[in-house]
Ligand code: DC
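The chain that follows stands alone, in the form predicted on its own, written as structure tokens.
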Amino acid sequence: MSQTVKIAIDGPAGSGKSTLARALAARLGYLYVDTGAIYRTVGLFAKRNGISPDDENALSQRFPDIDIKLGWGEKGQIVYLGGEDVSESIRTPEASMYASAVSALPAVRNFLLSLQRKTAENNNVIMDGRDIGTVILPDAQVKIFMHADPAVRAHRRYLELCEKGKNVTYEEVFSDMQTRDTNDSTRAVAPCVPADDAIIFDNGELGIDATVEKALQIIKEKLI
């Protein structure tokens, strides 16, 4: 089998990496893998089972019961937990905090590593997360690290949640984002930092169309 193309898009919460990755996958005909959704699903499992998201031992003992599968439909990636479609259930602010906590646990990251890499071995993928270029796909041909001011990112996430009918305030979203930024960038295992060979892409002043076109230019230059 010929080598697959791997594109890694990393960045902090609300940086637009998921929106960009979905759009790029559609334009290029690649498979989009939202790794954050996978960690959110582990967090949801912990929440539903009364397990503290920072209790690595308790969560590790339940790994055999955490059945995560990925599917793809008209609206993109679908995440299943024990056969249940939890794609919407994992998108609440509380689920975000659980995801941030469980993703800092080495055992959880090791547990999910093979699932993510196996997907990339068999498909041309665009994978977004916080450590794709540094840990999950260090051999990715293209690595982009998204960046934008925290206030801009919080506003984006607030509008996204409002569109989904979530009852949240901007202040709550901004506070959660600051906490997640600190947790994600300072954790001992796989922190959210750019890979040495990543292109730093600040899209704080760009709309989605301009962001996509700029990213396509970066990809084209890297793959030539």
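Note that the rigid core is defined as the largest set of C-alphas that superpose within 1.5 Å between two forms. The first residue of the sequence shown is number 1, and the count goes up from there. Model, not experiment: these values are computed from the prediction.
Below, we turn to the form predicted in complex with the named molecule, even though it does not appear here.
The partner is not drawn, yet in the predicted complex one stretch among 182-190, 58-66, 161-169, 42-50 has residues with heavy atoms inside 4.5 Å of the named molecule: 182-190. Proximity of residue 99 to the named molecule in the predicted complex: non-hydrogen atoms within 4.5 Å are present. The shortest heavy atom separation between residue 117 and the named molecule in the predicted complex exceeds 4.5 Å. Interface residue remark: residue 153 is not counted as part of the site for the named molecule in the predicted complex, having no heavy atom within 4.5 Å. Looking at residue 132, you'd find a heavy atom of it within 4.5 angstroms of the named molecule in the predicted complex. Every residue in the set 17, 36 and 91 has a non-hydrogen atom no more than 4.5 Å from the named molecule in the predicted complex. With the core superposed, residue 56 shows a C-alpha displacement below 2 Å between the shown form and the other one. Core-superposed comparison between the shown form and the other one: the Cα of residue 181 travels less than 2 Å.
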